[in-house]
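Take a look at this single chain, the form predicted alone, given in structure tokens.
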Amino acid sequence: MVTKSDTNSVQVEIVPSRFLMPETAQRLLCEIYKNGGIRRIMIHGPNMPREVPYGPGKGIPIEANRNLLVEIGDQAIELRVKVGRIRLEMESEDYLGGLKAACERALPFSFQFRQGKFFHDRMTTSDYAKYGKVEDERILGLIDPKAKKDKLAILSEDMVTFKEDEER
């Protein structure tokens, strides 16, 4: 069934010209969050390992990648990737002007701002295998099906929640 909210939503991808430092990522995400109208958001980028993955130093903790917390609203979320692109779905096109202005305020360098379709709107086989029957469609396609742990932060108007499952 197609509802009014499904037809008005718009999906946007923000691609900065370089990877974001944690401080810049926090500033950008806070500006985006203040703009409002977010249905779902996904942060893409290469993984930041917590320890040396191979070689003679295998297993030694990497101190530069520890405790990278990003505060959005009242909550702190651990940043596990270098932010390379941000995909989000807005409730309507009314929020696009404020979103682009928020990006211009937070990013001191150039970026690309694209509209398109970036999120699933139906459950995939991977989503079903990972979650089973999903009641909240906001999480469809937001977690890597190959990941050992599920890491999902849900931005809502009330607060930011964090979900972590055990290893499978």
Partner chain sequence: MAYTPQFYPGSSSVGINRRKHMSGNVDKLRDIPEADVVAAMGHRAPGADYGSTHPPLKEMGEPDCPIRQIVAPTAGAAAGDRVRYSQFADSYYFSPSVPYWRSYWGAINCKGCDPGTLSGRQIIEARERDIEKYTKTIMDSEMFDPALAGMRGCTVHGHSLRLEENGMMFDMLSRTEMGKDGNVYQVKDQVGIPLDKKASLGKPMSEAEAKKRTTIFRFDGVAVGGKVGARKNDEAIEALHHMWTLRSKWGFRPE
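Residue numbers count along the first chain shown, from 1. All values derive from a computational prediction rather than experimental measurement.
One more form of this protein, predicted together with the partner chain, exists but is not displayed; see below.
Not one of Y33, M42 and Q75 places a heavy atom within 4.5 Å of the partner chain in the model of the complex. Picking from 124 to 132, 33 to 41, 53 to 61, 97 to 105 the stretch near the partner chain in the model of the complex, with a 4.5 Å limit on heavy atoms, gives 53 to 61.
Using a 4.5 Å cutoff between non-hydrogen atoms, Q11 does not count as a contact of the partner chain in the model of the complex.
Though the partner is left out of this view, K82 does reach within 4.5 Å of the partner chain in the model of the complex, counting heavy atoms only.
Contact check for N47: a heavy atom falls within 4.5 Å of the partner chain in the model of the complex.
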